[in-house]
Each structure stands twice: as C-alpha cells, then as structure tokens.
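This document opens with one chain alone, in structure tokens, the form predicted on its own.
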C-alpha cells in the first residue's frame, strides 16, 4: 500500500531512474566558468528554480492532478506545452529520457495491474516532470507532493553534479540545497494551488543560457554527464 513515505524514495538520488547521468545544465555552466564555487552554485540553482524549474514544478503538480482526474487529454496538453517551453532539442531529449526511466523504475518498484494510459500516445515517453506527477499520483500522493518532488530534482541534481565536477565540499553543497529548497516553497505552493489550471497557463520562465549551453554540451567530445 503506497504511503507518503514513498515520496522520500522517489526523491532519493539512489533511485535507479537515471538522474545520476544528468547535471541539469551544470556541466556546461562549469565549462563556461559561470559556476566555480559554492556562491556561484547557489546563484545557478536559484536562477534555475525561478526560470525553467518553475515550469517543471508546475507541470508536475498539474500532471498529478490530471492523472487523479483521469484526464488523459490534459496530460497530453501538458506534455505539448512543456515542449513548447523547451526550445533546445537536447533538453527535450534529456527530459524525455529521464521521464521514461523514472516510469520504468516506478513500474518495477510499485507494480500496478492498471495500464499506464499516458505512454501509448507519447512514443518518445513523457517529460520528466510529467513522469514525476503521474508517478506521485499513482502512489496516492497529492499534487503538492509532486511539485515538491520536482523542485527537489531541479535543485539536487545539479548540486550533486557540482560535487563531482568541482570537488566542492559536500557539506557546503547540501547547505546550499537546504537554502534553495527553502526558497522553493512559494513556488511549490503556487504550483499546487494552480494545478487545475489549463495547460497553456503553465509558467514560461525562460533560461536562454541554459538552452544554448545544452546545445553546446551536446557537441563536446568529452563530458561526464549526458546533459
């Protein structure tokens, strides 16, 4: 029987959902010199949270609400709207790769006799935020839980990568995660409050440097992360 404790397992970086292979754009930011130390990492994460991360958090909450309402059309609209807010083909591919892997992991860990209604209409798989929302809803969690899961992924993924890329003090990095997650609470609350809004009203915070960086990262011959 699913419980709220499943949210902890979903957010665990050791969950075999492929997140360890992605840096959320941090590797290229390090290459460009934009992230060099703990203060610049904190700035990067706050910027991510307030731009593209805001869209992901809202989409996760809305996907959870759509799944609980059995509204397949809303799920498909959410997927299309999130794609429209993600100009980089590389970022779209990374998002869908992580979404597919999360769905596979969730099916293996929490098998269900009910078929996944979302996937047949999305041959390339759902975006990560939709997978987070659907997975949370299938575990009887609320849209606010899905939003918090997405927010933690937005922040913790690049933070973990920073330890590997820059050799930063893990204690200091996790202090940054704690600080930025505190900043995320209003974003999480707003996402949950507007989870039933039409998909076209998803936040559209732009992160042009992240999009450009993703395309530059794709051309690098040597890289530690897939994104």
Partner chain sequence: MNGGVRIRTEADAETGRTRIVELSATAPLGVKVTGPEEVHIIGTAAAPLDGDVVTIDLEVGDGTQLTIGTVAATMAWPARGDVSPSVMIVRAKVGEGASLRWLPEQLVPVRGCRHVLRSEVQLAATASVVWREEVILGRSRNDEGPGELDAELRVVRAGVPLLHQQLHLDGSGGAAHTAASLLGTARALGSLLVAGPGAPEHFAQANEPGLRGAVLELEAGGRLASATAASAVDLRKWLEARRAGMAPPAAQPGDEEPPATPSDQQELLSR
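Numbering follows the first chain given and starts at 1. Because the structure is a prediction, the values reported are computed rather than measured.
There is another form of the same protein, the form predicted in complex with its partner chain; it is not shown, and what comes next is about it.
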| property | result |
| --- | --- |
| Touches its partner chain in the predicted complex: residue 212 (any heavy atom, 4.5 Å) | yes |
| is_contact(residue 13, its partner chain) in the predicted complex, heavy atom dist at most 4.5 Å | no |
| Residue 174, heavy atom within 4.5 angstroms of its partner chain in the predicted complex | no |
| Residue 92, heavy atom within 4.5 angstroms of its partner chain in the predicted complex | yes |
| Partner-proximal stretch of 166-174, 57-65, 31-39, 185-193 relative to its partner chain in the predicted complex, 4.5 angstroms, heavy atom | 31-39 |
| Partner contacts in the predicted complex for 13-51 (non-hydrogen atom within 4.5 angstroms of its partner chain) | 32, 34, 35, 43, 44, 47, 48, 50, 51 |
